[in-house]
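Below you will find one chain, with nothing else, as structure tokens; this is the form predicted on its own, and questions on how it binds or moves follow later.
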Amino acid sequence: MPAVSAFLVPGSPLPLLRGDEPPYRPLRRALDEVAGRLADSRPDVLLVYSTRWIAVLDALWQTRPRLDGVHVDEVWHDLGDLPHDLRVDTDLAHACVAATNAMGLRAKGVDFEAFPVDTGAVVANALLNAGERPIPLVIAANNIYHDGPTTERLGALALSQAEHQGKRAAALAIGGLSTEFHRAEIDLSDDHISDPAKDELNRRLFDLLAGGDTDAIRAFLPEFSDRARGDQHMKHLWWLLGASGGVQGATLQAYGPDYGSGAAVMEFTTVSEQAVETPRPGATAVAPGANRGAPVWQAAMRPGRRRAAARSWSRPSP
């Protein structure tokens, strides 16, 4: 069974911490709308991949039942703390660990106190999953040695394990697009895409995602990653292709700047939805040249600033 819903969202804290700034307002509004769309799809579990949870050994899956505490972003630490409370579907996570090992890829579960949850997962959970009954998560790490097709296989594996357990799954890809940040410090109210050439590449990717030709998307992602310096080789989109069970189109909800880099909020039409979905009021399908001049965003190091280590304090599970 394909995912009941699938979304691409940025991993930057700016729409959460500075959502009132003009460049980030469209993104914040879109994220608020997506939260409703996610809830309406009634998933039992949310299959999450964030480019910001970096791993170098094994395929890691979060298996701690609850991660709550305070996170401080390594770049935007001066803008405020990021409280978090994430609930994990441990049964499904352990099944994903076992299935990953069975397919020949070394995997481990991560379960320890004070785990440093990444900014992307913290922000996405706060904006999309902060209701009284939060959706349990299954979170896979971004192993820097995994390529796109491997990541797609892991997404498909997570979806198949959810189906095996009789659970309705939604897919969530957390990450940016082009990663060309401003080389001189700017005021956040003046944020914009720093490089017009990378803006064009972002829009070309939107066109392909809107068309839903997965072979064309797969063929373009390596080129996009090379020419646009795509966020972590765009493995979050590879994950979405697998964890969604197949996409047949996408709707761009917002496209804006993240200190010069590009990111978007998008909702994908999964295979099972195609026959029944109708355009929603206010939603705009991506078309060539659409949203020209719209404000844009993904977070990167600000010039002249020392990168602080990201800090996260998580309390023990009850």
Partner chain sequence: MPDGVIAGFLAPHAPHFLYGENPPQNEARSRGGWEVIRWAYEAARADLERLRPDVLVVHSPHWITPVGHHVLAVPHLRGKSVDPIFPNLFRYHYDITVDAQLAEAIVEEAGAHGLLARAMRNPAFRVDYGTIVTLHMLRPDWDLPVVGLSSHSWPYWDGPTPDEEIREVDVLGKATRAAIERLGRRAVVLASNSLSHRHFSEEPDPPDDMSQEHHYNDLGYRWDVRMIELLRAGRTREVFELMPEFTREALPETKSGSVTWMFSAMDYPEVPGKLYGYGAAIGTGNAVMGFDLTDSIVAGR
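Model, not experiment: these values are computed from the prediction. Residue numbers count along the first chain shown, from 1.
Omitted here: the form predicted together with its partner chain. The next part is about that form.
Chemist: Between A130, A219, M103, A184, only one gets a heavy atom within 4.5 angstroms of its partner chain in the predicted complex; which residue is that?
Modeler: It is A184 that has a heavy atom within 4.5 Å of the partner.
Chemist: Among 119 to 127, 243 to 251, 174 to 182, 210 to 218, mark the stretch whose residues have heavy atoms within 4.5 Å of its partner chain in the predicted complex.
Modeler: Careful reading of the contacts points to 174 to 182.
Chemist: Does any heavy atom of I144 come within 4.5 Å of a heavy atom of its partner chain in the predicted complex?
Modeler: Close contact exists here: in the predicted complex, I144 approaches its partner chain to within 4.5 Å, heavy atoms only.
Chemist: Counting only non-hydrogen atoms and a 4.5 angstroms cut-off, does Y255 reach its partner chain in the predicted complex?
Modeler: Contact with its partner chain, no.
Chemist: Just checking whether D195 would be counted as a contact of its partner chain in the predicted complex - the rule being heavy atoms within 4.5 angstroms.
Modeler: Because no heavy atom of D195 falls inside 4.5 Å of its partner chain in the predicted complex, the answer is no.
Chemist: Since only the chain is shown here, I'm wondering whether D44 would be in contact with its partner chain in the predicted complex (any heavy atom pair within 4.5 Å).
Modeler: Contact with its partner chain, no.
Chemist: Do any residues of 91 to 122 have a non-hydrogen atom within 4.5 angstroms of its partner chain in the predicted complex? If so, which ones, in sequence order?
Modeler: R106, K108, V110, F112, E113, A114, F115, P116 sit within 4.5 Å of the partner.
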